[in-house]
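To begin, one chain is listed below as structure tokens, in the form predicted on its own.
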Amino acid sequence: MFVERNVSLQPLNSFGIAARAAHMVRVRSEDEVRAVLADAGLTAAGLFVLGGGSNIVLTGDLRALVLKVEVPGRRVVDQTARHTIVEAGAGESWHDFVGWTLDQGLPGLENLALIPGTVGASPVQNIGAYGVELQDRFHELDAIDLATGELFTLNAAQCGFGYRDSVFKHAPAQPGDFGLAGRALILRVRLALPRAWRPVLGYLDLERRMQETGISAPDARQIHDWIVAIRRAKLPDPAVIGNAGSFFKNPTVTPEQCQDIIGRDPKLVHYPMPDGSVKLAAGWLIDACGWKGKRMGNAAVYDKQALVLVNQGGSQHPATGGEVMTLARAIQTSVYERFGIRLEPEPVVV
């Protein structure tokens, strides 16, 4: 076990925020995690699990021991009558894993292409895009209890999936509650890919691509390539401009609330949901409040997509976590004052 000291976290978070970890250990297996847990001196300041760093905002240096998850591996583990079960180590790149499944002739994840981060982070956030969420393809995961060192397995129901939510984002409210925030380190994730595959195409951007290309029945690889192109056109590359992707969740409201807003703003972008609620486009709400391109210090709203906050200072003069959160709170206040909607951030603030 190699302990790195006074580690710069700037290259390990997609926002490019400058922060340091007092200590960090890269873990590639459950045995390596247990070796860390057995060292009381090393874990005395607490533990912080870090995956791809694509969904965090660092507001200062970390005193807790950082466990950088680098568990490798990709394989097909089983076939049932309806599904092919595939597994990936938590340290694998999510986008690379999606591409690997298609290379194996296993469609089902193509709508989730180019989402940044690692496989291990995907169930924490219940990632989703273009009509598909992780929970739609999830089978089970293996994790290790950071308090006891015991390995355990969770199915979809036990993960408590919600919109960009899971049991891994919540601490127990009281003894006995099943909250796993800060307590579990995900090692491996298994997904169930449908053998009777059907494309998910019910989004305007995809419909436009079909019209433009004349391809009315795209295969999974074509959908993958379209979504990669769409996301690259809309969202900044973290390697060029630091960001954490979509910064706010799309809020849901009642049909009555939606109609009230439409009465004042007829161009409101909204999507009826199966449960009768209506999802509003957070980016549209932010843009309508005039935030696109606005800046506070070195944190700014991306000029091509108001849902994304970016680091305008680059690596030399990066935005601080404080600047990012000051900007985020100002946006929240602005949207609430105009629409009565409270926007909730997606990234974890540390």
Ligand code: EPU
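For every residue, the number given is its place in the sequence shown, counted from 1. Remember, predicted model here, so these are calculated numbers, not experimental data.
Keep in mind the form predicted together with this ligand is missing from the figure; the text below concerns it.
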Report whether the minimum heavy atom distance between residue 89 and this ligand in the predicted bound form is within 4.5 Å.
-> no
Contact of residue 292 with this ligand in the predicted bound form (heavy atom, 4.5 Å) = yes
Would residue 30 sit within 4.5 Å of this ligand in the predicted bound form, counting heavy atoms only?
-> no
Would residue 283 sit within 4.5 Å of this ligand in the predicted bound form, counting heavy atoms only?
-> yes
Interface check vs this ligand in the predicted bound form: of 305, 59, 312, 43, the one with a heavy atom inside 4.5 Å is 305
Residue within 4.5 Å of this ligand in the predicted bound form by heavy atom, from 134, 235, 143, 193, is 235
Assert contact_stretch over 256-264, 89-97, 217-225, 156-164 against this ligand in the predicted bound form, heavy atom within 4.5 Å, equals 156-164
Within 4.5 Å of this ligand in the predicted bound form, all of 16, 298 and 323 (non-hydrogen atom) | no
Using the arrangement in the predicted bound form, list in sequence order the residues of 124-156 with any heavy atom within 4.5 angstroms of this ligand.
-> 128, 129, 130
